[in-house]
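In structure tokens, one chain follows: the form predicted alone.
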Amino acid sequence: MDKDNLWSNILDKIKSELNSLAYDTWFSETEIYKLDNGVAKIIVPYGIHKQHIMNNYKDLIVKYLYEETNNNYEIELLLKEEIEEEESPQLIENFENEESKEVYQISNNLLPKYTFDNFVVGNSNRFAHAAALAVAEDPGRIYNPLFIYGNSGLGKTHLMHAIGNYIVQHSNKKVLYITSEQFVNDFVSSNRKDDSGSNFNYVEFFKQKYRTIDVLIIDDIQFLGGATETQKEFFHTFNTLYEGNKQIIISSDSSPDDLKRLEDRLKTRFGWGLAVDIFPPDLELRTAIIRRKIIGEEITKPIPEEVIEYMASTISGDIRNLEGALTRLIAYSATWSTDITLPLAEEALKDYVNKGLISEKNDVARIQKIVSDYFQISVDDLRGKKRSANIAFPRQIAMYLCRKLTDESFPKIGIEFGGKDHSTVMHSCDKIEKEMKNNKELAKTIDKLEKEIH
């Protein structure tokens, strides 16, 4: 019998002897690591489990180990961090009295892959990045709390982990990253009662976990809305840390003032420090993110510049969508064992493309309207397939103006003109630019249209 099946059988027997609360609290997250020279090494989630299980359930585990293996084993309880022989997480000590000491081990929950080095900076997130780095370099002394807000998928979580990783690498400060959901779950757990009918150990563990750290990073604070008792506890936790000059970093999908379901006293405290927002990335930043992703993922198959430009121009500003689109493109290319080309990208990413997406300046549609009005044709004609001179020439002018006055790429402009190929747009722009040098009337017309667009 393998060790996993062995432990599953033992847990079934233990579960039959305990009430559901006791079992879920002390055994539901345990695993067996290995049986080694008469010692059964068992993984537990927290340091508090070690003492409680050894004091209350050791004999039960030994009994069922013998039933399953016909051997007597000593019990050793370990944390995953100890088994992996990683650097020990932050230690939080709670002295009940001089004779008794409990040690709680808390993981900082930071993801090493998120750093300042691989965060791509652009106009939409430059201020937030600068504020985050300032906090990382001098936690607890500047911008406290730091409140980062913006829509999902724009890099808030990346920045928060980057702050935590920087602090851990450059100091001995104790850092804890959590989501608001984790905070709620921990608070609810602190109200449980153990076998003695007391919740003292749980309450002490909660307070030590959250109030003796140097940096608290809490993600998605908006999900505390409606949890009245949890908000009260977070209020007290916030005050304890703030008064001790400990750094608090918070993220949300809304600004502090827009968190309608949070208590006013919390929102007031969020405003004590600095609130920074992150906007959807512009074309330049989307392009940079795709390039960084290509390098970071060590993608060996070459991706032409026109494909990168197409993706940046047509995929929405959500960074996760960009990353998902790139992953799909690579998989699509591998499936068909073909090189990555613009036609392939158009086919692979058709579900990702926002057909109605226009530039951040909202200029493409406006340019089309102004040009169509000037030449007394319809916008549908500009976007259509008619090739008569009275339509084709204004269409070329409109394409030229879109390329000159917006940040849009040739492929994106082609999409906005009824799905024209990028080479068609390039040809139109070159043609108008050359004719303007020899045709003063055309130059005047272009100048007049530019002034109206601006």
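The numbering used is simple: start at 1 and walk along the sequence shown. Note that the coordinates shown come from a computational prediction; the quantities given were computed from them, not determined experimentally.
From this point on, the text means the form predicted together with adenosine-5'-diphosphate, which you will not see here.
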Given that adenosine-5'-diphosphate is left out here, which of 307, 319, 364, 325 has a heavy atom within 4.5 Å of it in the model of the complex?
319
Out of 293, 246, 269, 174, which one falls within 4.5 Å of adenosine-5'-diphosphate in the model of the complex, going by heavy atoms?
293
Where does adenosine-5'-diphosphate sit in the model of the complex: which of 156 to 164, 335 to 343, 238 to 246, 67 to 75, heavy atoms within 4.5 Å?
156 to 164
Looking at the partner-bound form in the model of the complex, is residue 375 within 4.5 Å of adenosine-5'-diphosphate by any heavy atom?
no
Applying a 4.5 Å heavy atom distance criterion, does residue 120 contact adenosine-5'-diphosphate in the model of the complex?
yes
Does residue 125 reach adenosine-5'-diphosphate in the model of the complex, with heavy atoms at most 4.5 Å apart?
yes
Does any part of residue 289 reach within 4.5 Å of adenosine-5'-diphosphate in the model of the complex? Heavy atoms only, please.
yes
Work out the direction of the Cα-Cα change for residue 29 and residue 213 in the model of the complex: closer or farther than in this form? It's 3 angstroms or more.
farther
